[in-house]
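Coming up is one lone chain in structure tokens, specifically the form predicted alone.
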Amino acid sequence: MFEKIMNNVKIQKPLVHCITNSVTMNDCANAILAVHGSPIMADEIKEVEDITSICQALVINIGTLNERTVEAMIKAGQKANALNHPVILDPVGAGASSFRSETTFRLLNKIQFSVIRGNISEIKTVYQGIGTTKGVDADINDIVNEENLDETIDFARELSQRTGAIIAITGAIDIIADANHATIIRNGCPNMSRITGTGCMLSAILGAYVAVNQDSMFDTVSCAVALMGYSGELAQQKVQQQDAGTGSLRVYLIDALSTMTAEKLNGGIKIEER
């Protein structure tokens, strides 16, 4: 199902510019490397346009915001738009502070994003203009379940139509939506939320995947989301076999990403079109 998409990344080894969360920067770089991409982490305003110019995609993650990097994000994003490079937004913690929320909407106003990926509370903030999060985690009152799944898909489709971006809402149930399509993915494991940065890593991987698969963006986003979720399942299986903990889960997650094949992913994916 996803063989061509994965092979394109493996063969072309896209260079991805990440202006990202300093807490998870190392894991984001390793995640891109694990899926056969190549990362550059640069947030100095004097060089972001040059770095963006030599890369094939840009990932903007607002996890550790400051005024200096916001300006760099805008400059890099506008350069990527001018070059027709895909740009991914990860609005980490949007709704947790006025600065984060204001920055999110400033970025959306200044930059055309190809993909917006976040947890349900972050995406609701983008959709509604206001929101609440538990730090950088989803508010328990927002969690996607079977009862509110159709409602969540509807607002994701509307947000995609409004922004022109593919929307990826990740959590226990993942939703990928554009204005006309929606896919549900039920891979992953609860312990992924106990290691920091799995969402940031996925956003970084999305940069590598969409960089070289722009002719099939929706399927590519679905593939990357499934890849992360199923890698988490495989990592958790190893943890349980060895009676290990969350530190090992982090390592095994990178291992699973780096050894994943299309055949293996197609055999484990739990995907549904809506």
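For clarity, every value in this text was computed on a predicted model and none was experimentally measured. In case it trips you up, residue 1 is the first one in the sequence shown, and so on.
Unshown form predicted in complex with a further copy of the same chain; subsequent notes refer to it.
So, H85 and a further copy of the same chain: in the predicted bound form, are they within 4.5 Å at any heavy atom pair? No, no contact at 4.5 Å.
Wondering, does S97 line up within 4.5 Å of a further copy of the same chain in the predicted bound form on heavy atoms? The answer is yes: S97 has a heavy atom within 4.5 Å of a further copy of the same chain.
With a 4.5 Å heavy atom cut-off, would you call T64 a contact of a further copy of the same chain in the predicted bound form? Residue-level check for T64: yes, a contact with a further copy of the same chain.
Flag M217 as yes or no: does it have a non-hydrogen atom within 4.5 angstroms of any non-hydrogen atom of a further copy of the same chain in the predicted bound form? No, no contact at 4.5 Å.
From the candidate stretches 159 to 167, 191 to 199, 172 to 180, 119 to 127, select the single one in contact with a further copy of the same chain in the predicted bound form, where contact means a heavy atom within 4.5 Å. In short, 191 to 199.
Relative to a further copy of the same chain in the predicted bound form, which residues of 43 to 66 have a heavy atom no more than 4.5 Å away? The stretch 43 to 66, when checked against a further copy of the same chain in the predicted bound form, contributes E44, K46, E47, D50, I51, I54, G63, T64, L65, N66 at the 4.5 Å heavy-atom cut-off.
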